[in-house]
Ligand SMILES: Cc1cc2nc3c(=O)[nH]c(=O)nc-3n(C[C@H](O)[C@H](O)[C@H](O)COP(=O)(O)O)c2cc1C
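Single chain ahead, written as structure tokens, the form predicted alone.
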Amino acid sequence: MNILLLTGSPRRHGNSNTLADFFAKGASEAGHTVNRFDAAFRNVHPCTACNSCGMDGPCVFADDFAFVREHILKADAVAFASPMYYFGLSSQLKAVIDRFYAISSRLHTPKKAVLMLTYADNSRREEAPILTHYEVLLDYLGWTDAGRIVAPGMWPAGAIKHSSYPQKAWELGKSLG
């Protein structure tokens, strides 16, 4: 299985990137190919809704989204890993998702998807906007949810290491098939 792993944390060793690391390790150990795109460390211009691409053509921006474009089309699964910032995905990951528009007509093919989310608070109500966004995105694209890891209470960097969530991420990567 080809997996595209999209991360949104600007902390290289932050909590959501730790989940992504463990997920990728489990998936690789299961024999899957994992291509990782760390959006916070790449150059992805926000979509400007110019519609030059026509939802299935070249984008006017020549940036690192070309990597995503190349790998997402052949991916069997797409994994999203992000911290929650002000009740949404990180802006870095959101910019990548917004650029899906340029290839939207070719993304409506069966794929699996995974969501890994970390956030500081412990209120399940606060994660609801991201979960709804994820569900609507999958419904629109015709993708199937293959698993979620939602880790509340992860305020300081490294807090995730003292929890069961990395093991769960590894197991999710290993079981994806």
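Nothing here was measured: the structure is a model prediction, and the numbers come from that model. Heads up: residue numbers just count along the shown sequence, starting at 1.
One more form of this protein exists, namely the form predicted together with the named molecule; it is left out here, but the text below deals with it.
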Complete contact of D38, F41 and D64 with the named molecule in the model of the complex (any heavy atom, 4.5 Å)
no
Which pick from A120, L141, C59, V150 sits with a heavy atom within 4.5 Å of the named molecule in the model of the complex?
A120
Is R11 a contact residue for the named molecule in the model of the complex, using a 4.5 Å heavy atom cut-off?
yes
Can E135 be called a contact residue for the named molecule in the model of the complex at 4.5 Å between heavy atoms?
no
Partner contact for M84 in the model of the complex: the named molecule, 4.5 angstroms, heavy atom:
yes
Close approach of M154 to the named molecule in the model of the complex, 4.5 Å, heavy atom
yes
For the named molecule in the model of the complex, the stretch among 121-129, 46-54, 141-149, 104-112 with residues bearing a heavy atom within 4.5 Å is 121-129
